[in-house]
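Heads up, the chain below is alone and in the form predicted alone; it's given as structure tokens.
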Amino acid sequence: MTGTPDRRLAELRELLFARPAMARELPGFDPEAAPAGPVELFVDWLTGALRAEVPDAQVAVLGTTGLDGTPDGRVVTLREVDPEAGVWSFHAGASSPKGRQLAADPRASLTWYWPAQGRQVRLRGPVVTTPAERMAEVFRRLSRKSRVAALVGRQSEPLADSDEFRAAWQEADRRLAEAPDLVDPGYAEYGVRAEQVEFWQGAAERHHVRLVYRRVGDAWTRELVWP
């Protein structure tokens, strides 16, 4: 970067105000035509984003509560949606920071944003885990690189240098090559059993649409809320 820090900050401020969000043609959304439950609508929106080749459309921001009570967040990959249970699932190491946080406070949120459509989905609820006896099957369905990464582990621990990481990766890769059915015992599948799901459709004229589903027993209610 060139220029003084003050000049760069001034340029950034100008750019932020000169490029308003949603200033482009976006799809419409008729909440009156929305389905009775949120899963079908979510599947439609995510499928549309994937077909539009939105990069990493399946990636969401996972929100958890840190062990010190501070909110925390990071991106995770959606692995499955269970329409009957209303559960959105992702994978993580049980010993990772997010795994430890979810063990201490099994509540979480997931948020997706698809810029090409100006659409956001956010949900929250208690977290459930996949039974350990099923995890071996789940783990073996992952790509080879994902399995190697899981076997490397040690997420968020101090790293001396990149050579240490490369050596650990090569060792995990060797172990998997020698034992293709090898499973990381600490790998876990978590699912957010949504109690609330909000769909947000942006609009260039700022007439955004927000539709909220709330779980009531085994059914859902829905209502429009002010944008």
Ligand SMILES: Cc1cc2nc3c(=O)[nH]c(=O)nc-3n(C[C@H](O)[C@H](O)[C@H](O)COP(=O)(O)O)c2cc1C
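All figures in this text were calculated on a predicted structure; none of them were measured in a lab. Position 1 is the first residue in the sequence shown; the rest follow in order.
One more form of this protein, predicted together with the ligand, exists but is not displayed; see below.
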Inset, instruction - Determine which one of 125-133, 68-76, 138-146, 109-117 lies within 4.5 Å of the ligand in the model of the complex, judging by heavy atom distances; exactly one does. - result: 68-76
Inset, instruction - Have a look at 182, 59, 50, 36 for me and say which one sits with a heavy atom within 4.5 Å of the ligand in the model of the complex. - result: 59
Inset, instruction - Scan 152, 87, 121, 92 and let me know which has any heavy atom within 4.5 Å of the ligand in the model of the complex. - result: 92
